[in-house]
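We begin with a single chain expressed as structure tokens, specifically the form predicted alone.
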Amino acid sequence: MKVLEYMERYDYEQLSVYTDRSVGLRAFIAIHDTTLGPALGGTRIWPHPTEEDALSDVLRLARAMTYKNAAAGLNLGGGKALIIADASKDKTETMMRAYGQFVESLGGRYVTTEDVGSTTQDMEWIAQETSHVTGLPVNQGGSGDPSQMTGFGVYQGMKACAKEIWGSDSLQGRVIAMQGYGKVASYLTEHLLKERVQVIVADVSPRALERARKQGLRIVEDPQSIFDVECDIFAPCALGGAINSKTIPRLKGKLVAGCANNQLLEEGDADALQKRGILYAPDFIINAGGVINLSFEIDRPYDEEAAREKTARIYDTMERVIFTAKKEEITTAKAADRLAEERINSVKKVRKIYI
């Protein structure tokens, strides 16, 4: 991967690298765009096999956060952090506090929160070293785990799509094949079960599958078989790139809508879905509930009711994306990008990069 060429192509502002051998810390922070405000994005802790894999992941995720925050109407830019480590074995308080110093060194250009592999406890440790952190426990004036609000937002996005496909936003009686069953997927399922949706789950984690069994969900033992399940909605809720040239021909449903980031492996995958008559709910549109929730923690007392009200508007945003896609005869992915880009470009006329 030619990092500088990639960053120039997609207009990245900054890539920072930090190491501390004494605590086993190897970390990247990528800042894509700060036109709208400081870059907000989570800290992912993942044992990527190569540095190139890690760089590709953090850069793609940072850019996605720019679009997510812009489309959600937040005064926040986009960034992401990645610590190359196994969260279940390598993570320690000293590692996270050293990482907190890394965040602090950027002077507020980047604000972090939870992501895959990191927890509310980690945010507390990070907060010992920097104030540029969100997702702190409610008893510390924070908003807590953003997963619950993310799940609620995905649910709202699904309902908007259902209205377009089936003429009603009711999901009652629908079958959803869910790839991945982490925290967000669990909260999403709580809403789905209230509408008597049949949820079918696959996950590589035995603990996740046990949680799904306790909720009475049907389990697909082979994670790769989830793409072949007869369903109405396919929900990618694991890592990115699940929707690609190999998996798209296997999908049985009319809608792809889930909580994972960067669900499409290539830009052309959106066209492939559209040609098959499958509506795609752009991930950064419908999974924005978490960052919306976190935005109510920054520079103000947290207001859960106001955060939930704004998250519910994901329904309206998804309707707007569908309308634009139909009117302009483009994919929903391109329509979502256009929504975000129009807001960023309009603000660029009056504001320079965040300092």
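Small disclaimer: the values here were computed from a predicted structure and weren't measured. The first residue of the sequence shown is number 1, and the count goes up from there.
The form predicted together with a small molecule exists for this protein as well; it is not shown, and the discussion that follows is about that form.
> Of 158 to 166, 83 to 91, 264 to 272, 173 to 181, which is the one stretch near the small molecule in the model of the complex, taking non-hydrogen atoms within 4.5 angstroms as near?
Flagged stretch: 173 to 181.
> Identify whether the small molecule in the model of the complex is within 4.5 Å of every residue in the set Gly153, Ile292 and Glu304, based on non-hydrogen atoms.
Answer is no for this spot.
> Pick from Thr130, Thr247, Thr120, Ser147: which residue has any heavy atom within 4.5 angstroms of the small molecule in the model of the complex?
None of the other options qualify; the answer is Ser147.
> Could you work out which of Ser225, Ser205, Gln101, Gln215 is the residue within 4.5 angstroms of the small molecule in the model of the complex, going by heavy atoms?
By the 4.5 Å criterion, the partner-contacting residue is Ser205.
> Considering non-hydrogen atoms and a 4.5 Å limit, does the small molecule approach Leu239 in the model of the complex?
Heavy-atom contact with the small molecule at 4.5 Å: present for Leu239.
> Consider Asn287 of the chain shown here, and say whether it contacts the small molecule in the model of the complex, taking contact as heavy atoms within 4.5 Å.
So Asn287 counts as contacting the small molecule.
> Can you tell me if Cys259 lies within 4.5 angstroms of the small molecule in the model of the complex, counting non-hydrogen atoms only?
Flag for Cys259 set to yes.
> With the partner left out of view, is Arg44 within 4.5 angstroms of the small molecule in the model of the complex by any non-hydrogen atom?
Although the small molecule is absent here, Arg44 would touch it in the model of the complex, with heavy atoms inside 4.5 Å.
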